[in-house]
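Here we start with a single chain on its own, the form predicted alone, put down as structure tokens.
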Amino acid sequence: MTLSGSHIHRASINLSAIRDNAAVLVRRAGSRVVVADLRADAYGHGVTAVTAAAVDGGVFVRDIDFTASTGRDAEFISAGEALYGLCADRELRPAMRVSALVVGTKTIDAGESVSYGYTWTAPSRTNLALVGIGYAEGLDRIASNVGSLRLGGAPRRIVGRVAMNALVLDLGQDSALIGDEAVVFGDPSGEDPAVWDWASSLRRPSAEIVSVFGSHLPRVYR
């Protein structure tokens, strides 16, 4: 199997989640006008696509004449993290899913080390997966030996330093195939890890995480 380009890693944006989140926020706002926070290219989700989806859900954008549109000197509230589903709320869905593919596999023996600087050494014989995403794609190097990606139905810890375009996952006695998908975060209502859990493990705000990934990865809309 040949893997190249944007097929290796991507940020998948669920526009229906944006639209549904907007509708929830509008309902909760009552008489107040909900205004979309579109900073940083809509938190890395893409301002053009997000604007259309948010407006469909009943949210306004900042460049609209609110008085003319609403017909009153209305009270405004900003829809930021909630619009993108970046908080643990049962009515809101995360809109961004970050994933990458396995590009190589290897088995190493106890005492062998991986990645630059050999910051991790295998305590026993173990299987590894090389995944095609790194700090050039927005995955913070602080995740080295700390963060986990979901692969093969289970969380797999990053071992060794995150490299420019790749990272290594420890599979233990499990195995993986080239082309298998590893998920950084997505919609936890399924089996994906939550963005707030990833952010917490790195001690970073969820808004920062999605904004950085969204500005570095190819975006696919659904």
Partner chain sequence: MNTPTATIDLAAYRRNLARLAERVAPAALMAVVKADAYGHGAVPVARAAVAAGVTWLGVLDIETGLELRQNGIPRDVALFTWLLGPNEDYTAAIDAELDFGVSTLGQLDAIARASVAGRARVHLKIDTGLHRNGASIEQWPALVAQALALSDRIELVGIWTHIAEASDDDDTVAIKRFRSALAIAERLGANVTVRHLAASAAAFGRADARFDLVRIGAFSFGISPGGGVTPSSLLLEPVMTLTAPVIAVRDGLATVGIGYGDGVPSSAAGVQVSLEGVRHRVVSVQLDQLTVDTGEAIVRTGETAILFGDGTDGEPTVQEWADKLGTIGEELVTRLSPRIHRRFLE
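Numbering follows the first chain given and starts at 1. All values reported here derive from a predicted model rather than from experimental measurement.
The same protein also has a form predicted together with its partner chain, omitted here; what follows describes it.
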> Taking 4.5 angstroms as the cut-off for heavy atoms, does D197 touch its partner chain in the model of the complex?
Replying inline: no
> Quick one: does R32 come within 4.5 Å of its partner chain in the model of the complex, counting heavy atoms only?
Replying inline: no
> Given that the partner is absent here, does V59 sit within 4.5 Å of its partner chain in the model of the complex, heavy atoms only?
Replying inline: no
>> When the contact criterion is heavy atoms within 4.5 Å, does S113 count as touching its partner chain in the model of the complex?
In response: yes
> Of the options A40, A154, A49, V55, which one has a non-hydrogen atom that comes within 4.5 Å of its partner chain in the model of the complex?
Replying inline: A40
>> Can you confirm whether R19, V26 and L92, the three residues that make up this candidate site, all sit within 4.5 Å of its partner chain in the model of the complex, judged by heavy atoms?
In response: no
> Does anything in 185-222 come within 4.5 Å of its partner chain in the model of the complex by heavy atoms, and if so which residues, in order?
Replying inline: R204, P205, A207, E208, S211, V212, S215, H216
